[in-house]
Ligand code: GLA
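Take a look at this one chain, the form predicted on its own, written out in structure tokens.
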């Protein structure tokens, strides 16, 4: 993305603006740890080198003017009366962020002129919405000199998406977009919000993280997501007969693990995925720290098989893509990533095998499904920051 060009567009759009700042915030891919977040568990996401860039300046009044280069649209709202808009829905992530920060600091914010542009693929489950929320948070923090803690900004961004936009996401997307570090993944405890930066030296090891968008719209996600959450809660209640103080599936330890398999069949499957996936995240982080890419790949494979068979949130197209990628013996591992029923796969492969994805996997997938998948290769990028 041409940042100098974006800054020039800002000057042309707002010729009388005050001195501007430039902020960037990345999208993300979750390497492993799926459907563990709302069970108080562990995840291992990575910020990616696709991002949203915002150029912004303070105003002397309480108006916010935002121009989206991608949508070629201007939206205006007042900080005195922040309501959702139906006309420019992309603006709701920014409106919600302004509202949550204003409530959190307990004092009025200054108005802003903002220009934004992004290259996070839309609709691919790579968290362009979290990048926009977090980028807006950094803009507001910098222009108003609030000195907010990054973890607080991430939690306020999640709150904006939950309460203002109306999407019941977990904390992972906003957290990794805010706190990612170049060359690292992030091991995150979704209960305590404690985190560790885990070396992700894929590029140095001659490997690549490849994300393939199935081009399947995730139509079942909302209903099935709520159903899975309820099944996990039901499994916890059932397991409390053996451990009354059990709070969530994250708390199932080695002693209680055998009892998971004694639950009613559907609850056993759901709980088994979550409990074993939490352990896979722990083991995967250890494998990365040791530079053991083959072991990391095996955990990715096991994660997908569990999501397909026990949690049942995959679909024919995701399974086909994973099988096609795994058919190359050089592949370390491949799995679905995200909520499921469409969206993306994530694979760890030698960099030399990216051509195989382009020349064999994508054409074969299209021949079998009629769908044109999109391939992206990402590096572990830094989190949101002022440039």
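Positions refer to the first chain, counted from 1. Everything numeric here is computed off the predicted structure, so don't read it as measured data.
The form predicted together with alpha-D-galactopyranose is left out here; the points below concern that form.
Novice: If the cut-off is 4.5 angstroms on heavy atoms, which of these, 169, 209, 98, 165, is the one near alpha-D-galactopyranose in the predicted complex?
Specialist: Answer to the contact question: 169.
Novice: 342-350, 66-74, 323-331, 37-45: which one contacts alpha-D-galactopyranose in the predicted complex at 4.5 Å, heavy atom to heavy atom?
Specialist: Of the options, only 37-45 has residues within 4.5 Å of the partner.
Novice: Could you confirm whether residue 225 comes within 4.5 Å of alpha-D-galactopyranose in the predicted complex, counting heavy atoms only?
Specialist: Contact with alpha-D-galactopyranose, yes.
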